[in-house]
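Just one chain is shown here, as structure tokens, and it is the form predicted alone.
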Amino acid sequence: MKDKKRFIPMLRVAKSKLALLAVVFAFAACDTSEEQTVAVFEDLILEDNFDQDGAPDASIWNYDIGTGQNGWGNNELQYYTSRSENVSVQNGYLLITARKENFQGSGYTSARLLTKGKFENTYGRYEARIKLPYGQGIWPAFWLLGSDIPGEIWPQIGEIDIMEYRGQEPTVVLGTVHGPGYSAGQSISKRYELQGDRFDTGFHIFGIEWGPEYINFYVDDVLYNQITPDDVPGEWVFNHDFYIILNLAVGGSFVGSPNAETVFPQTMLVDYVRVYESNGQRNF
């Protein structure tokens, strides 16, 4: 473990103090000489529980429409729409559905929602409870993209992939950051493998806790990775506003194309999205 101050996240307020202490002691066991700083994230600043049937809340969500440039830069195969066939709220869940159909010159449709221009923020705990789809060529993601900066483009604006997943690997998700000198195939990433279960058979909470000098990645409040400025080979570009994206892609360089065994439609179900802001730190 590196000889530097570690930022140890506080679990959500609903979690017990015993769980928090377990995290603190687990880190302390690595090197008892390190100063332990616990960031406290308990001020809820965004919450969508998808309680109202119909279209997603227009005060929070926008849509990307179409195929983007070169399949959204990834050779993706779908055409993104805002149709109810591809995105809707039903019975307390957001449904993002990928369909195999001919539409506007594409062989698949799906949806991509984003909070750009409606909710953009720097730092905090971002989490969503999601049940993932399954199948070769299915690529759901919950991620953050840096807000527009005059004269700057991706990857200089930064990208934080809270969760992305290859449908053909139903026990594995990845948490990743992209920036200048560490993007695309050179991104900084780590896998998390679910033991004895699959991400397409039930809901799981995917989250990050993000501060000025760290991004911590979680699955179900299990901290499985921490990325700091020392871990990236280029500039740390995670000190400005980012917005949220939820999408379900089909095909692309990350997952490959669907095959004969891929069943359609496939749906990504989202129970909630929440963002908490830090209201201080505690030293141990």
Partner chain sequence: MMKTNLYKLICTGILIGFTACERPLSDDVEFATYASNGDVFLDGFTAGLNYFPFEGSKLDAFTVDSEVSYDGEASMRIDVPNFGDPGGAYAGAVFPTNSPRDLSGYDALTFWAKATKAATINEIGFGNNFGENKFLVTKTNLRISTNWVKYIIPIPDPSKLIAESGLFWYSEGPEDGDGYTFWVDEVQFEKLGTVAQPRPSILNGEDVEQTTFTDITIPVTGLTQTFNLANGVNQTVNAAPGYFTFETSNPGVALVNEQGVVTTLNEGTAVITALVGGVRAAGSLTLNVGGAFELAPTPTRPAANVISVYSDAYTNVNVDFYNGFFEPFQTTLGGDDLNINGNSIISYTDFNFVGIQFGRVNASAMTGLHIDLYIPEGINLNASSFIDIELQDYGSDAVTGGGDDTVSRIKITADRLQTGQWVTLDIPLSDFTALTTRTNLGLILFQGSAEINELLVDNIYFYTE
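Numbering follows the first chain given and starts at 1. Quantities reported herein were computed from a predicted structural model and do not represent experimental measurements.
Another form exists, predicted in complex with the partner chain; not displayed. Remarks below refer to it.
Put simply, Thr201 is close to the partner chain in the model of the complex: some heavy atom of it is within 4.5 Å. In the model of the complex, the partner chain stays beyond 4.5 Å of every heavy atom belonging to Glu213. Phe119 falls outside the set of residues with a heavy atom inside 4.5 Å of the partner chain in the model of the complex. Taking non-hydrogen atoms only, Gln168 approaches the partner chain to within 4.5 angstroms in the model of the complex. For the residues Trp154, Phe103, Tyr182, Tyr134, the 4.5 Å heavy atom test against the partner chain in the model of the complex is passed only by Tyr134. Residues with any non-hydrogen atom within 4.5 angstroms of the partner chain in the model of the complex fall in just one of 83 to 91, 189 to 197, 105 to 113, 141 to 149: 189 to 197. Looking at 205 to 234, no residue comes within 4.5 Å of the partner chain in the model of the complex, counting any heavy atom.
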